[in-house]
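As a starting point, one isolated chain is supplied in structure tokens, in the form predicted alone.
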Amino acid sequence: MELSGLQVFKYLPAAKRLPEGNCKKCGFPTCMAFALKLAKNQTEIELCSYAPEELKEIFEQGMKKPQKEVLLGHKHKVLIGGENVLFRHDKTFVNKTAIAVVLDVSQVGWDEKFKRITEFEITRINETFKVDLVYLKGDVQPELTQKLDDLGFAYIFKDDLKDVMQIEDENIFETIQTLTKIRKKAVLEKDENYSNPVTVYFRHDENTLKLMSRAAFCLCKYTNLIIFEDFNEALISTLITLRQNIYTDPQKPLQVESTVYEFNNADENSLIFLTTNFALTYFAVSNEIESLNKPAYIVVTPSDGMSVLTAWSAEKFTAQIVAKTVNQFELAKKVKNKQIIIPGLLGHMQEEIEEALPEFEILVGPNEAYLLGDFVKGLTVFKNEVAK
């Protein structure tokens, strides 16, 4: 049970009009100030000499982690578990679902599988990912574990999962029901019998799409560790992309660095585009620009990870901010093409930005990134380049 500051206050002396009220012995000027801090876990209940046992019991229960955290791996570690909520928007998820691949050295071709696993890597939104854990089976020699250590991979054996609840997926609907029951028991009831992290084991499946959908379902509801007998780069890449979207703090938008990005060997004749540092907006624009196969720059303004309209409404995207970013990277000295294409949604800022950047002509682009290709084909600078 979690209490608000006002609910905590009702237990304290000042609320009960007792002589001890607002005694300041806790270090706060009033019982209300102490209650507000206590509700946010920013102070200790023991500081109040007059806190009733009932309130202490509530806080002792509330401080218990619904789900235990478990460190897996030998030299290199992966932390799983520790989740406190059923839904990401309630607060945030804590430790991302780990993805493990079985490497059975008793099977023919295991060395080729080892090579594929250790060479696999994907970069998305400024983060680089690989397989989190290698699940070793068979007569594993020290040379193999040493090689995994040297390559920076965490690995586990069967015995390492003793503190993890294990489910082998045979029927996805039953699996999801079990996972949901375990998480509800842990979070809502704080039942210690269900407090261990959970792993789901997926055996070989010829139907990769079916396997992918089952695993994606489990990643969302509520698996802490997914183990695959199969290794498929497309499968792992898809799950990593899904996981990255889920295991982020909803109060901290994904953002890229505010700078000037170069595409397709940017040169003095490059096209220039402008957007915010909201990651989804940036990657939508950059994908379209890459496909043009023409030299280009993207000027990314520091907008606290906000989308175009949100940044404008919060005054995080102003003509002054745009000018400061463009001038900071001395873009005027790098290009002969003095046209900057701004998002169509900010067309009303055209004259204002031109006043802040008198060396440049401001063009209003389309509202949606997927329309950039057709828009650019109509530009004079683009037509001239094609004619060459």
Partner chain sequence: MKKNLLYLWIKLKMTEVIKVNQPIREINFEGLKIGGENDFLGSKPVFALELNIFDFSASSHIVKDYFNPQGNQLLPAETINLISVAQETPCDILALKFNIPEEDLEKNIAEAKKLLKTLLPHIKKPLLIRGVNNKSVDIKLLPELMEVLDREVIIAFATENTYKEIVPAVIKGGHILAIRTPIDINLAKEMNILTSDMGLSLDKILIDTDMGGLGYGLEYGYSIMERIKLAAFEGDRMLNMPLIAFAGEEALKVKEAKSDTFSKSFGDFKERSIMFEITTASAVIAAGANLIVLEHPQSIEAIRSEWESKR
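Numbering follows the first chain given and starts at 1. Remember, it's a predicted structure, so these values are computed and weren't measured experimentally. Think of the rigid core as the biggest set of C-alphas that the two forms share within 1.5 Å after superposition.
As for the form predicted in complex with the partner chain, it is not shown, yet the points below apply to it.
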{"query": "The partner chain in the model of the complex: contacted by all of 58, 124 and 174, heavy atom 4.5 Å", "finding": "yes"}
{"query": "Single option in 269, 258, 245, 178 placed near the partner chain in the model of the complex, where near means a heavy atom within 4.5 Å", "finding": "245"}
{"query": "Among the candidates 96, 294, 214, 183, the residue which, in the model of the complex, approaches the partner chain to within 4.5 Å (heavy atoms)", "finding": "214"}
{"query": "Answer range among 193-201, 79-87, 141-149, 158-166 for contact with the partner chain, defined in the model of the complex as heavy atoms within 4.5 Å", "finding": "79-87"}
{"query": "4.5 Å heavy atom contact, residue 282 to the partner chain in the model of the complex", "finding": "no"}
{"query": "4.5 Å heavy atom contact, residue 110 to the partner chain in the model of the complex", "finding": "no"}
{"query": "is_contact(residue 131, the partner chain) in the model of the complex, heavy atom dist at most 4.5 Å", "finding": "no"}
{"query": "Heavy atom of residue 188 within 4.5 Å of the partner chain in the model of the complex", "finding": "yes"}
{"query": "Residues in 277-303 with any heavy atom within 4.5 Å of the partner chain in the model of the complex", "finding": "278, 280, 288"}
{"query": "Rigid core superposed: residue 283 CA moves 2 Å or more between this form and the one not shown", "finding": "yes"}
{"query": "Large Cα shift (2 Å or above) at residue 55 between this form and the one not shown, core-fitted", "finding": "yes"}
{"query": "Yes/no, residue 292 Cα shift of 2 Å or more between this form and the one not shown with rigid core fixed", "finding": "yes"}
{"query": "Direction of C-alpha distance change in the model of the complex, residue 127 to residue 291 (at least 3 Å)", "finding": "closer"}
{"query": "Sense of CA distance change between residue 127 and residue 368 in the model of the complex, threshold 3 Å", "finding": "closer"}
